[in-house]
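Below you'll find only one chain, the form predicted on its own, shown as structure tokens.
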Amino acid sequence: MSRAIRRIYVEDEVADHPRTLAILERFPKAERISCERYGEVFNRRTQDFRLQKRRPALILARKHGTRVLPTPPGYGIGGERNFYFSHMLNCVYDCRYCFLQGMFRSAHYVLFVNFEDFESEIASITARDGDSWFFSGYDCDSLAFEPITGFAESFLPFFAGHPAAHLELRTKAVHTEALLDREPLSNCVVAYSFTPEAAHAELERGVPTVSRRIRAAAELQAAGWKIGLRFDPLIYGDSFREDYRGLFESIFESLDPALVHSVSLGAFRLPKSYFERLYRLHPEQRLLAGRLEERDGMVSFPAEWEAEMTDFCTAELRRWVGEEVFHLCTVPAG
């Protein structure tokens, strides 16, 4: 991963931030370019996402304004107060269904180095509202860039000192060292995202294999960490019943179902504008060129396919886990 970063943009405001300096030390040969605001690079209109995805740059910036936001309706795992925060924009993986590729013009990675400001805002929210959930994997993968960002290494001690703040680390990554090197937190859930093997091979470029993710989740569970399972988006295919039944069996052969914290699933769906941009990037992709329809401004599988998948997967999952840990998600996921 470190070899892929050949260019780093640095906002003037964070040039001397300790996290900036530490990251720059990791890439002594990378070209360094100063900028006033990250949007000068990230939000340019004339950008080639696919070309950038081959060799993305890293942008080090400060997150201004409100850093912790309420989640969209339908996003959560049962908590009454749900928020998300994005220490990073974009993902190191290349999943062909990901809404981020339809939302952002740029494939560059933006890392907001002012972790302390996010932590201060989270502390203020829990002081005001009490028990609250904070989701860190909405605009990025929580752990995929961990060897460079040190995100979990920094935030886990903070959450350890704020038991009313509950953290979800949503990921497809197998970087577990930062978690295994410390005692598990009762207020942290490591949520692994899965699709069946066939969908993974076709749609999830650069993502660790299903079996590697299962092993990582099982290792964390054995060490005492709470594990969540996220089947989102559900991908329709002629053999989806066999594919998903096999996936669930593989997972629960390795994980103890009784100890699984939460299970959620949601059908593939994207806002129309996101879908159109994603389709322009990947017109050859069978998923995007296949039978999809627009309903209420969202592009998704036909309603009957959605219902068929959701009903089947719900019934199969409830063979393994109780209804109290099961959640449906209606917000696009990556």
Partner chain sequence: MIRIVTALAAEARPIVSRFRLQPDGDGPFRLYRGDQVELVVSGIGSSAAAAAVGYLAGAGAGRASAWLNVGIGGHRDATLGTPRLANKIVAAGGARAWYPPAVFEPPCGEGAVQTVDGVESGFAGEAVYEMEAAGFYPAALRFATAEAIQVLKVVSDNRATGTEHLNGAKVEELIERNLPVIDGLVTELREIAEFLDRRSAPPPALAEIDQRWRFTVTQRRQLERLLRRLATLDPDRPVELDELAGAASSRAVLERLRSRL
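Everything numeric here is computed off the predicted structure, so don't read it as measured data. Positions refer to the first chain, counted from 1.
Missing here is the form predicted in complex with the partner chain; even so, the following discussion is about that form.
*Asks:* Mind checking whether each of S34, V41 and L51 has a heavy atom within 4.5 Å of the partner chain in the model of the complex?
*Replies:* Answer is yes for this spot.
*Asks:* Give a yes/no on whether R280 approaches the partner chain to within 4.5 Å in the model of the complex, heavy atoms considered.
*Replies:* Yes - in the model of the complex, heavy atoms of R280 and the partner chain come within 4.5 Å of each other.
*Asks:* Does P28 make contact with the partner chain in the model of the complex, using a 4.5 Å heavy atom cut-off?
*Replies:* Because no heavy atom of P28 falls inside 4.5 Å of the partner chain in the model of the complex, the answer is no.
*Asks:* So, R55 and the partner chain: in the model of the complex, are they within 4.5 Å at any heavy atom pair?
*Replies:* Yes, R55 lies within 4.5 Å of the partner chain in the model of the complex.
*Asks:* Taking the partner chain as it sits in the model of the complex, is H64 in contact with it (heavy atom to heavy atom, 4.5 Å or less)?
*Replies:* Answer no; every heavy atom of H64 is more than 4.5 Å from the partner chain in the model of the complex.
*Asks:* Listed by sequence position, which residues of 176-190 have a non-hydrogen atom within 4.5 angstroms of the partner chain in the model of the complex?
*Replies:* Nothing in the stretch sits within 4.5 Å of the partner.
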